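One chain comes next, on its own, written as structure tokens: the form predicted alone.
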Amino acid sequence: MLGYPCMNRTLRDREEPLRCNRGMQKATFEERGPAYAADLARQNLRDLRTILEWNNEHGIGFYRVTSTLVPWNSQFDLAELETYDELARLAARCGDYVREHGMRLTFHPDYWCRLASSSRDTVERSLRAVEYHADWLDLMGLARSPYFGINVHIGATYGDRAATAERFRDAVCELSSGARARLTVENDDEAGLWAVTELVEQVSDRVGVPVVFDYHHHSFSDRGLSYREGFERAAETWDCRPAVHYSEPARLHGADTKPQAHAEYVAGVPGWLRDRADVMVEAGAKERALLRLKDRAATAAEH
């Protein structure tokens, strides 16, 4: 399967936009509180169901949901909301649709989710973030498996790679069984950070967290492995079909930007990668990048 992350630009650009990332600033949350967050979450879940339907109609089976699905969920317990039953019903409808149509749905908490931080406060906030993403997947009734993953980066070495890996492993062991069963970890896009080999050896082999292979990131931290070799090392850590990320550098398409920047579109996903994994295409054009890929494939098949 091919997928895209978070925003569907086609639906977002409608006269009445459809999106599942409604959020608010801190000042608004402090003024209006969890009840307003619940109202936004209700709208997000309704639109998520429509986005899933659109994806299925267009042959897109893999989708990464935004982490603002329930805004400010770090500040309250979902079960304490007056509208909890309605939110649970809406979430279950999304999960029912995913299961009925054989789709795959994942989350990717933001940059500030740092399970290996040297700050205990940051670790506790990060644990909470992973847990409430797991709660959403539970509400949808989706399996406690990395197939419906919650993907994170270690994101730093803090000057001591071994100690950082140990803190990450310790944090993994603090997670609830449902959150831990869904956790995945991704290689980074800087040579000095976390490569596939290091994640396999220092994380996956010890605490069983599967490694999400990011094709573009691998070019910055390959540790002498080809793309296929890097993927194979990551794929061995999965007990279900692996999830991978694919993007192309914007520079490859003529943009004057940093090497890590993603292009708006991609020329094509390697066939061997599509055969072995479900591929999240991280392109600026989102679903439009996938539709262009499908059109090119159809044109090529005709000729």
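Bear in mind the structure is a predicted one, so any value in this text is a computation, not a measurement. The first residue of the sequence shown is number 1, and the count goes up from there.
The following text describes the form predicted in complex with the DNA, which does not appear among the structures shown.
Between the options S176, S145, Q75, S226, the residue in contact with the DNA in the model of the complex by a heavy atom within 4.5 angstroms is Q75. Among H108, R182, H218, R114, the residue placing a heavy atom within 4.5 Å of the DNA in the model of the complex is R114. At the 4.5 Å threshold, heavy atoms of K258 reach the DNA in the model of the complex.
The DNA in the model of the complex is not approached by L291, whose heavy atoms all lie more than 4.5 angstroms from it. Although the partner is absent here, E131 lies well away from the DNA in the model of the complex, with no heavy atom inside 4.5 Å.
In the model of the complex, R104 stays away from the DNA, with no heavy atom inside 4.5 Å. Taken together, R9, S118 and A156 are fully in contact with the DNA in the model of the complex: each brings a heavy atom within 4.5 Å. Of the candidate stretches 46-54, 23-31, 271-279, 245-253, only 23-31 has residues whose heavy atoms lie within 4.5 Å of the DNA in the model of the complex. Annotation for 120-140: interface residues with the DNA in the model of the complex are T122, R125, Y132 [heavy atom within 4.5 Å].
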